[in-house]
Structures are given as structure tokens and as C-alpha cells.
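Shown next as C-alpha cells: one chain only, the form predicted alone.
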Amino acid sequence: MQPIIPYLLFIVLLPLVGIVFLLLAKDDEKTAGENVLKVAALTVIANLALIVRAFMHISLEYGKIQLVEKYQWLENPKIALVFGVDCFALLLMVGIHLAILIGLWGVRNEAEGQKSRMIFTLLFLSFMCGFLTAVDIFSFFIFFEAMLLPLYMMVGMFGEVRRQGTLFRFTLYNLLGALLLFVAIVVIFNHQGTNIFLNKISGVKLGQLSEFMVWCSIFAAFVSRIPIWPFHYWISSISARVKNPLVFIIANILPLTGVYGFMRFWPKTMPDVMIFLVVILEVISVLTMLFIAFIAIINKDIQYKIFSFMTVYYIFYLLGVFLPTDQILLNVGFSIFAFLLIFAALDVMLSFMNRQQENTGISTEGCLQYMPRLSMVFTFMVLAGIGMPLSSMFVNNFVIIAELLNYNLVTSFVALAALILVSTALLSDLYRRKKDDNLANGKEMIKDISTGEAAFMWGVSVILVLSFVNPLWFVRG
């Protein structure tokens, strides 16, 4: 039964309401940004509670669009904003909200520009929720493009990207991807004469030329969001320069929109025009995974290792999208949930270690031996990230790999090799930061996280363990 409360509209609008309260919030030197941080955190928590509540009204299966809400927008042409969700979309929203909460914890001591940072964070969250709940082509496109604005502002203002040309080109090519998607949508709309749901696109009968143009445009639009060669350069150039943990987390949630776009648009029966493109994409994907994983082994920068970890897994999930069963897509969703929490927690802890290095002027090698509380949580997150049985990544990654083995033996072996290499890169850095470096007075110079901060991170770890026991533990059993 359809609930009386329009949950999806509230989920999209609540972050915007939070922005209004942020604008009214007063902060001075004494509060040092604490007020706006609390408002933003409470807004995210309230929205998370709404999402969990929405879970109670749906059946837990992939692809069954439920809680459909329609809001008329234009009369001529007749276009309405249509929201709807399945288990997969809600699960991603829960993961993204938790990742942003971790990011908020990571910037709690950064008073400068805190209000602007919180405003753009909530704006991005609102657009991301709209993107994940959109079930018609125009709503999907609006939010697909809109989320670039807060991302651009956050990276430009707080990402420490010194070369503005890099940021401009990064944004430009993302806008070009959105433009290609718009072209495909216009062709479909002109052919159908009406706005249609995403799951109906594969049933639209187009001429050979129109079909080629539409699917190539959709293909290019989503690939442009994923760090696959040659598009990986602009994403990696931005990620390598972003030192603010919250901005880094938000910037690296963006590739998820490309993976999700393929999930929603990808037809059950592949058009002939796409077969050749998919083969090319699979070859480029596995080679990119292998290339970036090798660089992660060589590169000593832990920030690049985390970026490599994220890139390899995003491409791994993309390969999972092309597998022909809905159950595998649900496994992808369970794994992404844990993946979002792990990379967010790792980057926040890395940011803390980097600040300690800057304050003390010592080497990062061996620093974890003087941070027992941080060391334990950091070790847990690394082990969970490489696939140990500590989160839902463990079982679900095995399921995806098993299906890849049935699909293409070579692709699966290369993808597995890349996962092993990037895991080795994370483990090697963990060892490097724990080995004895004979740091003079290191114990006195380096500050460990507080007991409360450790408790927060262990709370994240508990969520990961619960996701291993039952990926939907917060809904049923």
C-alpha cells in the first residue's frame, strides 16, 4: 500500500531545508563553525532516518520500482518529475549518507569556510538523492547534471586544487557527458512524444541511425563519470590534489553516478549497436584496473593508493553491471554499501595522520606505532577493504567474481589480479606505517585520536560487521 507520507519528496527536500537553517545559523570565533556543523549533521541524520523508514514500505528486491510519486512540472511539453525507488537505490542512499557523516566528522575542526562547505554538502546530497530516486528520463537528467554545481564549488573552494585549468577541464568534460545524455533524451522524447520511465527505454523502437546515436550518447555520458582510460586522468588529477576529507569523499562519490546510470539504462537484451562497444569497454576496463593497481604498488602516496583502491572497485562494479541477472546487481549494491564506508573512513583517518605529520615534521613511516587507537581502526578498515570477512564486500565480491568467471574467463582473471594488486598496495602501506622507523621522541610528538573519536570509528566498524552478517540488518533481522 502506498504510504500517506511522500517519503521520496521529503528525502530530496530535507537537505534544502537544512540549508535554510544553515543560512540562519550564527557562528563566531568562539563556536568556530560548530553550529553549522551540528545543523548539517542533524540534517543528514534526519534524512537517513527517513530513508530507513522508507525501507519499511518496499519489498526487498532489485528493479521493482515502488513508492512512486509524480509531480507535474511542465504542461507543454508535458513533463512531470517522477520519483520511485527499489531496494538498490535506498541502499545506496544509506551508504552515501553514512559516508558523508564520516566526512563531516573529518572536518569538525576546520572552522574556516565551514558554513559554505556545509551548504554545498547538503546541496550535493539533495541532488544525489534526487538522482537516485528519479525514475523518468527528464528527472534523471536534471539531477545528473545539477550535482556538478556543488561539486565544482566545493573542489574549487576547499579542494586545494592549485591549477584552475585542471578543475575547469574536469568540469567541462563532465558537462559534455551530461550534454550527450541530453541529446539521447531529446531523441527518445521526440520519438515517443512523452516522458518515459528509465526501465522502458530499452523497449523504444528507433531507426538504426537514431538507435546508434542514442546508445552511443548514453554510453559516453556514463563512461565519462567513471575513471576509465582516457577519462581517468581528470578524475585522478582532482583526487590527488584534494586534501580536505569531506571534499575528497564527495568528489569520489561522483563516479558512482556513472555505474548507477548503466544499471538503470542497461537493457535486458543488448542492442546490436552496443555489442561492439561493450567488448571495447570491457577490454579498456580491465586494462585500466591492472594499470592503476600497478601504479598503486609503485606509488608511495597513500592518497593515491586509496584513489587506486576506489578506481579499481568502481570498474569492478561496472563489470558486474553487465552481468545478465538482477540478483548480481543486488550483490553489487551490498558490496558498494560497505565500500563507501571503508573509503570514507580511510580517507578521514589519513587526513588526521597527515595533520600530525605536518605539525611534527616527522616522516609518516612508522607513525601508526605511536597511535594505538588509530592504528587498530585503520588496520580494521584496510583489512575490510581488501576483502577480509569483516563487511558485506567479502561474500558479495566472491559472488560477482564467480559470475564473471562464468561470463568471461580472461576478464575475470585480470579483474581478480587487479583486486589482489590494489589490496597488496594497501597492505604494504599499512606495514610501512607500522614498522619501526626509530623516530626520535615519536611517542611524545605524535597525537593519537581521542577515546571519543576512536569510539566513532569503531561505530563505523560495527556497521560494517553487521553488513557482513546481514546487508539489510537495519531493515529486517
Partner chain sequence: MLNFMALIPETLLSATLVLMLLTFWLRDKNTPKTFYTIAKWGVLAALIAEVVLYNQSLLRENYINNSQIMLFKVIVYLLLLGNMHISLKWFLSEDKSSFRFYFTVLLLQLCWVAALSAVNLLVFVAVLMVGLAAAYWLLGTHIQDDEEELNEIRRFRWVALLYGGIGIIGAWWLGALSGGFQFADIRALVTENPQNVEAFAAAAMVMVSLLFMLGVAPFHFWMAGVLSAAILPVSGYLSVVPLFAIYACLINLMTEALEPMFALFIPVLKVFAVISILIGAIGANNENNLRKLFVFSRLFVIGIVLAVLVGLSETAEFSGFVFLLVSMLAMAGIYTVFYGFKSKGEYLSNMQDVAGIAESKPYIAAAMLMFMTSLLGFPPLLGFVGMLIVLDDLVSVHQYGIILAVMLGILMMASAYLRVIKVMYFDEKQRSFDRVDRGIYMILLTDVVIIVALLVSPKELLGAIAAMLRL
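Just so you know, these numbers come straight off a predicted model, no measurement behind them. Positions refer to the first chain, counted from 1.
FYI, the form predicted in complex with the partner chain isn't displayed, but the following is about it.
Out of the listed residues Glu110, Glu145, Glu211, Glu403, Glu145 is the one that sits within 4.5 Å of the partner chain in the predicted complex by at least one heavy atom.
With the partner omitted from this view, the residue of Leu172, Val283, Ile297, Ile275 that lies near the partner chain in the predicted complex is Leu172 [heavy atom within 4.5 Å].
Contact here is defined as any heavy atom lying within 4.5 Å of the partner chain in the predicted complex, and by that definition each of Phe138, Val186 and Asn190 is a contact residue. Judged by heavy atoms within 4.5 Å of the partner chain in the predicted complex, the contact stretch among the candidates 149 to 157, 299 to 307, 369 to 377, 286 to 294 is 149 to 157. At least one heavy atom of Leu167 is located within 4.5 Å of the partner chain in the predicted complex. Taking the partner from the other structure, the partner chain in the predicted complex has no heavy atom within 4.5 Å of any heavy atom of Val204. Within 4.5 Å of some heavy atom of the partner chain in the predicted complex lies at least one heavy atom of Gln72. In the predicted complex, the partner chain stays beyond 4.5 Å of every heavy atom belonging to Tyr407.
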